[in-house]
Ligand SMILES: Cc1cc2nc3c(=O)[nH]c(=O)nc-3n(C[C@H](O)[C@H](O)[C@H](O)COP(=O)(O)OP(=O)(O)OC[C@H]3O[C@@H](n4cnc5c(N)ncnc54)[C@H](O)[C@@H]3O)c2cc1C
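A single chain, nothing else alongside it, follows as structure tokens in the form predicted on its own.
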């Protein structure tokens, strides 16, 4: 009888683990079932492109049925409860048992009623609002931390700048970023914060660093109030919503501090703190690593998860892959792009106060890479390009 690997979540984490385990273990050795409440998976970074009209929704999304090409079962169902003590997961499609469980359910957003680019439908609302503002004040506010893709609010501000610049309206539209961090990119170190502060000044984008989390106390129709009591009026606001772990995780004993708790990420162990047969990866566990919520970071440590899973399921050792937690990020500024590569390993191991980051100079090539990676992503994980 093949062992049962149950994967919860059809985002980056679930797809990487399913694919890479299957590449080594055949269907006769490991039966892999992936469960997600949606029947499609999206390339979330391209929600920004949907908002600015560079992409249509169907161009950044593919059916999860394509996992069957890898010999992976797909079940469209919502996870209702996780019972790790009894190796059971309850869903709207019934109950599932497992020999090993991977929880990659991601982070959920809490609706504030304002458009944003962290989900697909609100991104379409951003696309509706942008052309309506021909003069006035556009605010990009981050309600609280953590949230998916830490640099993305700055990227949204830069693309908003480019949008109005190319329409001859930039001098009529003020753009402000409201953020919990006192300086942009300060989580990447003082040099990164200094550089990005100067760059935003060059673009004429105001940055209000609240220095508190949450940063926003109240949201009105045309005004927000920060946690420090400052009131900011706007004509349009794009608000990064609060993020939370899914309820099945919060209601289980896999959670700590509101997020799934990996056992010892500094040593490459992403098993849950309490259960040897449960792994918690990706956004749902990122705050407890601690790293930002980003698929590229998850990809860097996934070899350790795959190696440990195969040892658990098949009793074979692949050896220990080189352990590093790294991430790369390409930002679209409009006419060109910029990129950063960060090694979070010394930060996660508490050897340094910040990750080791390298920033590449602005270049049109970086923007091209960002657009190409969207296609590479789908082709790599599902063998299809939308």
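Note that this is a predicted model, so its numbers are computed, not measured. Residue numbers count along the first chain shown, from 1.
The same protein also exists as the form predicted in complex with the named molecule; that form is not shown, yet it is the one meant from here on.
Chemist: Although the partner isn't part of this model, could you tell me whether residue 18 comes within 4.5 Å of the named molecule in the predicted complex, counting any heavy atom of the residue?
Modeler: Answer no; every heavy atom of residue 18 is more than 4.5 Å from the named molecule in the predicted complex.
Chemist: Hey, in the predicted complex, is residue 148 touching the named molecule, heavy atoms inside 4.5 Å?
Modeler: Flag for residue 148 set to yes.
Chemist: Does at least one non-hydrogen atom of residue 68 fall within 4.5 angstroms of the named molecule in the predicted complex?
Modeler: No - in the predicted complex, heavy atoms of residue 68 and the named molecule never come within 4.5 Å of each other.
Chemist: I'd like to know whether residue 253 contacts the named molecule in the predicted complex, with contact meaning heavy atoms within 4.5 angstroms.
Modeler: No - in the predicted complex, heavy atoms of residue 253 and the named molecule never come within 4.5 Å of each other.
Chemist: Identify which of 206, 78, 269, 223 has a heavy atom within 4.5 Å of the named molecule in the predicted complex; exactly one of them does.
Modeler: Contact residue from the list: 78.
Chemist: Just one of 48, 339, 62, 325 has a heavy atom within 4.5 angstroms of the named molecule in the predicted complex, so which one?
Modeler: Going through each option in turn, the one that passes is 48.
Chemist: Contact check in the predicted complex: 4, 278 and 290 versus the named molecule, with a cutoff of 4.5 Å between any heavy atoms. Do all three pass?
Modeler: No: no residue has a heavy atom within 4.5 Å of the partner.
Chemist: From the candidate stretches 253 to 261, 93 to 101, 294 to 302, 178 to 186, select the single one in contact with the named molecule in the predicted complex, where contact means a heavy atom within 4.5 Å.
Modeler: Contact criterion met by 294 to 302 only.
Chemist: For 90 to 106: residues with a non-hydrogen atom within 4.5 angstroms of the named molecule in the predicted complex?
Modeler: If the 4.5 Å heavy-atom criterion is applied to the named molecule in the predicted complex, 90 to 106 yields 104, 105, 106.
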